[in-house]
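As C-alpha cells, one chain now follows by itself in the form predicted on its own.
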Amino acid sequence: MKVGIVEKPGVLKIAEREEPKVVGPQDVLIQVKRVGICGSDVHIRHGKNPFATYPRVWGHEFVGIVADAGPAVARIKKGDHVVVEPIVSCGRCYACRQGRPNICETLAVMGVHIDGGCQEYIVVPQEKAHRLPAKTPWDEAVLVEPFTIGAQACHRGNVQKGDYVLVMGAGTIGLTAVVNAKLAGAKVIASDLVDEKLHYAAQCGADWTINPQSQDLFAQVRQISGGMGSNVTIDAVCNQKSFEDAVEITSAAGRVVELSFNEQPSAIAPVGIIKKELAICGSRLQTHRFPIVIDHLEHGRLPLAGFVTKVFPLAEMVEAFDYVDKNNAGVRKVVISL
C-alpha cells in the first residue's frame, strides 16, 4: 500500500509498505479515505514541531471505512464510516486518572510520535474509532477532528450562554472555536489581520469581526461588551503579544485559553491576573469531544460549506503541502484523498 512519509525535515515522499492486518481481538482495520493537512503537519515537514520523530507517516486528521475488525469489536462493524481519535494514553498516570488523557505522561499522537493516517490502510484500537453518519461527505467528515480542538478550547474556557467570547485568530482552529462558542450560546467576536478570514468567520457565526490593523481591538471589544472586556479570550494567534493582549483584554472573573506551543516568554505582570482573578488555561488536543462534535455534525449544526479549501490526490501530496505554504493566508483546510 502507499503511505505519505516525512522521511526527515524537508523530505516528504510517498512510499510503499505492507498492508496492516487485524491481529488483536479489539483491532479495527480502516481503509483511509481522507486526511487533513494541519499546521502541525506543515511544521513536521519543516522540522519545526518539537514533538515529532522521524521518519513519520504524517496525519492525525483522518476518516475512512471499517474494512475488518477483531472478534471482540462491538462498537462498530465492517462498512461503518469512522473518524479516528488520534491520541494514545496510558490510562494510569495522574492526568489520565483525572479524565484528561490528552495530557498523559506518555502521550503519543498519531502522525507525530507514532505513525498516522496518511496511508491507505491503518489498524487502530476500537475505542479510537468513532462512527460517523454514512451520509456525510468525506470532505466534511474529515473536519471532525479539527472541530474537537475548538470544542476543547471552549470547554477549557467554560464558555457559557451569554458570554462575550473573543477568538483571536481566524485560521482553522480559531474558526472551529468560533463555531463551538456560538453553539454554546456565546456572543462571539473574531479578530484577524486578514479581511477574507474575518469574512468567513462571520459566515461561521461570529457576531462581530475586528481587524486590529485598521481598528483598535481593545476599544472595540470594550464597546461591544459594555466596557467590561471579553469574558473568555481564546488565543489562536499564538505569539508573545497575543498572550499578553489576551490577559489585558479579558474581563474580571474571565478566562484566557491559550493554544500556543510558543516557547518564547511573554511579559505579563501578575497584578493584572490577580486584580481580575483571571483563570488562564492551556488547551491541548481534546478530551471526550468527539461524540459532541459528531452529534453537531449529524444534526447539521456545523457550518462546513467552503471550509475545505482544496482536495489533492495522494499522488500530489507534495504539491498539497507546497500549496499550504504558498497560500497560508487563504487556506482553511487542505485535504488529501486516498
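From 1 onward, residues are counted along the sequence shown. A quick note: this is a predicted structure, and the numbers were derived from the prediction, not measured.
Just so it is clear, the following notes concern the form predicted in complex with a small molecule, a form of the same protein that is not shown.
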- Message: So in the predicted bound form, is the small molecule close enough to Arg284 to count as touching (4.5 Å, heavy atoms)?
- Response: yes
- Message: I'd like to know whether Leu193 contacts the small molecule in the predicted bound form, with contact meaning heavy atoms within 4.5 angstroms.
- Response: yes
- Evaluate Gly229 for contact with the small molecule in the predicted bound form, applying a 4.5 angstroms cut-off between non-hydrogen atoms, and reply yes or no. no
- Give a yes/no on whether Thr172 approaches the small molecule to within 4.5 Å in the predicted bound form, heavy atoms considered. yes
- Query: Heavy atoms within 4.5 Å of the small molecule in the predicted bound form: which stretch among 118-126, 162-170, 220-228, 263-271?
  - Reply: 162-170
- Item | Contact check for Ile30, Val66 and Val84 against the small molecule in the predicted bound form, heavy atom at 4.5 Å | no
- Query: If you check Val144, Ile249, Ile149, Leu132 against the small molecule in the predicted bound form, which one has a heavy atom within 4.5 Å?
  - Reply: Ile149
- Query: Out of Ala184, Cys238, Ala202, Val109, which one falls within 4.5 Å of the small molecule in the predicted bound form, going by heavy atoms?
  - Reply: Cys238
